[in-house]
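Before any questions on binding or motion, here is one chain by itself as structure tokens, the form predicted on its own.
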Amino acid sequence: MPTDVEQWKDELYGTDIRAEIEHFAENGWESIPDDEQDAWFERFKWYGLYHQRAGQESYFMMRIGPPGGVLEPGQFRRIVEIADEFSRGPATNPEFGNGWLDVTTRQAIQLHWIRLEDVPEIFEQLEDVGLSTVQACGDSWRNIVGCPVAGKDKHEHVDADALATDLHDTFKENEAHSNLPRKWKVSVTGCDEGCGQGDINDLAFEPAEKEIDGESVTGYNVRVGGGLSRNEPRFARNIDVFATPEQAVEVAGGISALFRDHGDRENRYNARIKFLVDEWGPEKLRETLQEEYIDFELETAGEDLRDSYSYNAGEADGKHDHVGVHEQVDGNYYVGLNVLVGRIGVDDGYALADAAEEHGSGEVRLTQRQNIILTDVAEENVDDLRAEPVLEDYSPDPHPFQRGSIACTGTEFCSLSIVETKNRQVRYGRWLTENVTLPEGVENFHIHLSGCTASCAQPQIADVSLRGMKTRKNGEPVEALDIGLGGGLGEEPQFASWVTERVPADEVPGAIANLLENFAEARDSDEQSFREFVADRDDEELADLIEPEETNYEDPFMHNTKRTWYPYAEEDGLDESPAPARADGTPIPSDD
């Protein structure tokens, strides 16, 4: 039998949802019938709206997903303006204040505390500058990710930006592809470095060369079935298909339609294409694609260029995340800025928009490491840009512990998360920077903190992977983290091994400090990377190197933050949730 979600989608889905959103916005939160809320919240996702967690009823997260993370001049500023006006909540975050935007690991931006009554106006303000929330969530084509400097990179084989834009324009609001069994994540890589992270996407286009009719053609090899969630990660598998840039959209549409028709609609846990590839194998998938969905003869895979992949490849001295000052193909420069855990306060957002417009073209690009890039900076403007006060906090040359930190939304807003994440990761990075020296030659060190097994922070591809759990300490329930080691991408990607479970959160910094000290002592040479070191040892040996320990690090979020309406509300003097609330922020009495 189809799931409840499938039945709701059969009744109404896709572009028809917008009129209903506008109806509810006009009539207020209370106009959504209680017994229909689950169905409507599922449908709202198609327009980029997620209802926030228990205790925050009537507030939404809104996601804006530009293809390839490219925000054209004026678009970043508009998002900051919207955050300033509409994305302020009833409580203050002790690290970030009130009013911010979050850069995600899929080159999108998320806003929180959005009221349903404000959504139509926000849609209009976004559309006025060419932005949209369409299909930023839901069971359809999500934001297409790729090289964050596509079209400007000196190390590019094929322009991934052109394909990402074509895919976006073709499949967004495309009725034939708007209702899939589950989310559909697509990546386009065109460069030497592999920064599109195709290995962990449902569908990946990766640069390749193929001789066709006696001529060498640069295009894409196709991989299918990657993903990290549900504690069953998969790397995308080669289906032996090469697509020219002109064929790529049609190939993508064929694979999307195949998933639409053959994906599991009876079990949402089994509805991702990675499980269909498990069941069928790459050979059957290719055969079905050719016979039922593609009108021309598919080319076999070309010669891939993965041997040059350096992005998150585990090199001891590798810096391939686009942070820093780099020359573009046109002689101008792009400047990648570190955004710790992806969060940008409104005031800082305005300052960054000013800097982008004054020193560059005004274009801002988003990366899968939750960072931003200011592009088209003339050589004579680079020093002036670097002297901007806002770059003291958003640095092009951050400490490795700051540079390598990623965190998901956590219990602050997410109903799935088990632990607090963003504030904790900021505190971890700060403590590690002040108290731990990285081993000789290690310039890159990735620590990813994900609040649950949904893996939004992509922990399985980090040097140190942290995943939210619960445990007991001194007889009391506390927040804890599983620890994994040695994940990464590159030519030969590998997932982290989960070697230690349920470490109390306040002992994790000490565990990382001891791990790095033991790594420095036991590594074969200064040239051996942490990832190579982990690969040479079994899980039991690695667990012995972690040694969780209390230090002078203090964690104010050890209590069960999931049981609070907002993890930091007590510090703000708000013990009781003011939600649900009307458009003006006044609470709706329970007897209403």
Partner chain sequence: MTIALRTLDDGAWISVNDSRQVSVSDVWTLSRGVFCDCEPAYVLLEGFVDVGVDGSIVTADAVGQCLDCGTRDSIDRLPIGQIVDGEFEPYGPEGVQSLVEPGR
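Numbering follows the first chain given and starts at 1. For clarity, every value in this text was computed on a predicted model and none was experimentally measured.
We do not show the form predicted in complex with its partner chain, though everything after this point is about it.
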Handout entry: Partner proximity in the model of the complex: S31 to its partner chain, non-hydrogen atom cutoff 4.5 Å
Key = no
Practice task
Tell me, yes or no, whether Q52 is in contact with its partner chain in the model of the complex, where a contact means a heavy atom of each within 4.5 Å.
Solution key: yes
Exercise for the section: Flag D524 as yes or no: does it have a non-hydrogen atom within 4.5 angstroms of any non-hydrogen atom of its partner chain in the model of the complex? Expected result: no
Practice task
State yes or no: in the model of the complex, is some non-hydrogen atom of Y269 no more than 4.5 angstroms from a non-hydrogen atom of its partner chain?
Solution key: yes
Handout entry: Listed residue that, although its partner chain is not shown, lies within 4.5 Å of it in the model of the complex (heavy atoms), from H322, K274, R467, R343
Key = R467
Exercise for the section: Have a look at S455, N93, S417, T105 for me and say which one sits with a heavy atom within 4.5 Å of its partner chain in the model of the complex. Expected result: S417
Fill in the blank from the handout: Within 4.5 Å of its partner chain in the model of the complex by heavy atoms, the stretch out of 69-77, 397-405, 187-195, 227-235 is 227-235
Handout entry: All of E42, T471 and K562 with a heavy atom within 4.5 Å of its partner chain in the model of the complex
Key = yes
Handout entry: Sequence-ordered list of residues in 18-33 near its partner chain in the model of the complex, where near means a heavy atom within 4.5 Å
Key = none
